[in-house]
Ligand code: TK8
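Next up: a single chain in C-alpha cells, the form predicted alone.
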Amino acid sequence: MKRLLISTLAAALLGSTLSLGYAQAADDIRPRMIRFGYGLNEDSNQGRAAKLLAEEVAKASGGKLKVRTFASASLGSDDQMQNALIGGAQEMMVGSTATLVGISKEMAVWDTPFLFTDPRQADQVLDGPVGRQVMDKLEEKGLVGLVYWENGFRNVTNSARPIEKYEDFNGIKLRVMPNPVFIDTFKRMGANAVPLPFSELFTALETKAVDGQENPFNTILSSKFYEVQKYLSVTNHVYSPWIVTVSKRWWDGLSATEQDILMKAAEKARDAEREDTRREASQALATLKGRGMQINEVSADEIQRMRERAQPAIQTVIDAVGQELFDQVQAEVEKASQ
C-alpha cells in the first residue's frame, strides 16, 4: 500500500512537472508577425517551400507565430532584403548565397565554379560542419543563417546562339548576379558580364538590354524565360544554394522555444524543397523544350576546357576566403564523393 502511494505521488509529480514544462514552453511563445521575403513567384519551388515553412511555424506555435510570405521580390532584391534584416526592418528571407559575398566574404566559397558534381554531395557538405562554419560567420554582420536550401545547378540561356564551347560566349551580354566571382568567370569566357538584380532580369531579356542569363532549370521555367530566350545550354557550371536568414537583432529577442520552432520549420521545409526542386528539375528540360527552347548539352571535354579557363576566377575565391577554408571545403567534397 505504501509503495503504491509513493508510485502514485511520483506519477502525479511527474505529470505536474511535464504540464508545467508544456505551460512554460507555451508561455515562451509570444504573438508575432514575421515577414518572410523571397525573389521567385509563389508557384516556384522557392514559393512552395516558403508556404510549407509558414504552415509548420503556425502549427508548432499554436498560431501565435504567423509567417507572412512575400513573393516576387515584393520586399526588394536579395541585397535590399539583406540590408533590411541587418537593420531590423524585416525578419526573415531566403535568397542566394552569392548575394551575401559583399557582407560575408566566406560565402564566396559556394561560388567556386565546378565545385560540386552531384546534389547529394552538396547536401553533405552544406549540412555538415564546414557549411555551418561558413554560415555562422554571418552573425558578425547582423544576420543569422538557419539552413541552406537548393537553387540547383546553373545553366546558360541566351537569344543569340547555342553555347557549345567557351568561345561561344564571345560578345554575348550575359546577366550575372552582382557577385565578383560570377562576373570574373564569365568575362574570362569572353562574355560581356552584366550584373543585375534578379527582379530586373525578365524585362532586361525582353528589351534585349542583355542577351542571356544563367540559372537552374526550375528558375528558367518558373520565371518564363523561355518566352524571351531561344537557346538553353546545359553547363552545370555552378551549384547554387539558397540560404534562409533572419535578422540577428530580431532573433536575439526571441525565446529559445521560438527559435527552435523556426529552426525546425526551416529544416523541414529544406528537406521538402530539395526533393521538390530535384523532381521538378528532372521534368523541366522536357517542358522547356516543349515550349520552344533549343537545348544542347555541353560535352565533358568542353566542360573541362571551361573549368581550366575559370582557374583564375577560382583563385580569386581562394584569395577571398583563405586557403585554409578552401582546403576544408575541398576535403569535405572529396569525403562526400566516396
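From 1 onward, residues are counted along the sequence shown. Treat the numbers as computed from the prediction; the structure is a model and nothing was measured.
Another form exists, predicted in complex with the ligand; not displayed. Remarks below refer to it.
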At 4.5 angstroms, heavy atoms only, are K165, S233 and Q304 all close to the ligand in the predicted bound form? no
Among 37-45, 293-301, 278-286, 53-61, which stretch has residues whose heavy atoms lie within 4.5 Å of the ligand in the predicted bound form? 37-45
Distance check, R154 to the ligand in the predicted bound form, heavy atom within 4.5 Å: yes
Answer for V181 alone: is it within 4.5 Å of the ligand in the predicted bound form, judged on heavy atom distances? no
Should M177 be counted as a contact of the ligand in the predicted bound form, where contact means heavy atoms within 4.5 Å? yes
Are any of the heavy atoms in D78 no more than 4.5 Å from a heavy atom of the ligand in the predicted bound form? yes
Only one of Q121, Q259, S96, S104 has a non-hydrogen atom within 4.5 angstroms of the ligand in the predicted bound form; which is it? S96
State the residue from T112, Q90, Q229, N215 whose non-hydrogen atoms include one within 4.5 Å of the ligand in the predicted bound form. N215
Using a 4.5 Å heavy atom cutoff, which residues in 221-236 contact the ligand in the predicted bound form? It's fine if the answer is none. none
